[in-house]
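Take a look at this single chain, the form predicted on its own, given in structure tokens.
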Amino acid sequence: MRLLPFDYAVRNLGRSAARLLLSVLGSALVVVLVIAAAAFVRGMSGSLNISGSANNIILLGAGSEESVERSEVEASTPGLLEASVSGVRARAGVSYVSPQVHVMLPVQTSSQQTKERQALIRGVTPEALLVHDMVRITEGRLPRPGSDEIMLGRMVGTSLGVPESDLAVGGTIVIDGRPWKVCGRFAAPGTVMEGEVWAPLLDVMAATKRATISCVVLTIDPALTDVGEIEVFTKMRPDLELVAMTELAYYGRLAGFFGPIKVVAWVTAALIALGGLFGGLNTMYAAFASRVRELGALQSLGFRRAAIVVSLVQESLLATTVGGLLACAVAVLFLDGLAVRFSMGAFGLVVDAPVVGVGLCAGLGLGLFGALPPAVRCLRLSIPEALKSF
């Protein structure tokens, strides 16, 4: 089969600058939205998976395996663990055992006035920096117990929907009607912790009027012990009503809990792509219908219909590929790392190679499936009928 020259398809793109511009911008818009959905799913999944450590064990109240906020653990549990379990990592005589309280509380800043938003407050001790080694203090210091001080994650502003100027070190925010002074900021790249507010454990317990903690996080030495020994401890102390799991397993359960949200994101992206496909079909029908005589002339010159279809598809693919590349450039520049608020705090969109690949495939799909039906329909006419058409 003799194909039309490739430059024939290239020259035809310039025959209507307006149509070319609409095709490029339309495909770019669809691809940007598909990339945004993929980056959302990628960012959420990545933040939940990265937040856990393979060597960290988390002990929760039985029945609260999927929500640490509902968990209640006796305050004496950390001391019992240190005395009963061997293989807990230690440095300079300090064990990697971190009692914590996780609670959602209303937070208000000066710019919000009467408007409040829920934020995850994590009550911690200094040992939290040992078990969560991805956390880095970028400004200020750890909050001191008894001083009503807090340390904020890098994405707390996004989580609360307030400007960063309201969260500067030295400023004050109101948590559940009580003022707290911001004494530091921290970063934990790629984790959900960046959307949290950290405060001294005892201060949070006093503010929430609770005598129990939410969980105990400890780091084990994998050469000396594993999660099995911790599980033995929980079974030997049924009075504590504890369940032990690795942090990876806990955040894996959370990822499963947010699975429907990811499905909604993909369905939305598919509907957007479908709408773009129908729009492209209308554009291509109009473009190809005006060229019926040209297509008939090409057939009279000896070119088969399949060769003409290939040339028309090449035109469409060139336009949508340019739009896809433009969309990928926009996504990398403006969407990558963009903070998004969700129930557990915030996470950043991730525009990496797989996400860009999904966007390019969406653009190619638009070009291919948007050109085939109009091309086939326009070539149904016989050569005499095509040459006599207007």
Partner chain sequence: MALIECRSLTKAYKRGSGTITPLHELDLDVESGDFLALMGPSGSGKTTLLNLIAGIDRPTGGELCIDGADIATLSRSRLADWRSENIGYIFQLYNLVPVLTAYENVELPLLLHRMPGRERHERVRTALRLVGIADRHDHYPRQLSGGQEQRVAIARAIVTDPRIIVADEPTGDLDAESATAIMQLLTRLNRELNKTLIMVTHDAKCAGYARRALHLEKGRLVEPGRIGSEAEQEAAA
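Since this is a predicted model, take the numbers as computed values, not measurements. Residue numbers count along the first chain shown, from 1.
What comes next is about the form predicted together with the partner chain, which is not displayed.
Contact between D176 and the partner chain in the predicted complex is not found at the 4.5 Å heavy atom cutoff. Taking the partner from the other structure, the partner chain in the predicted complex has no heavy atom within 4.5 Å of any heavy atom of Q314.
Although the partner is absent from this view, R15 contacts the partner chain in the predicted complex, with a non-hydrogen atom inside 4.5 angstroms.
For G228, no non-hydrogen atom is located within 4.5 Å of the partner chain in the predicted complex, even though that partner is not displayed. Contact annotation: the partner chain lies within 4.5 Å of heavy atoms from the stretch 298-306 in the predicted complex, the single such stretch among 177-185, 298-306, 257-265, 212-220.
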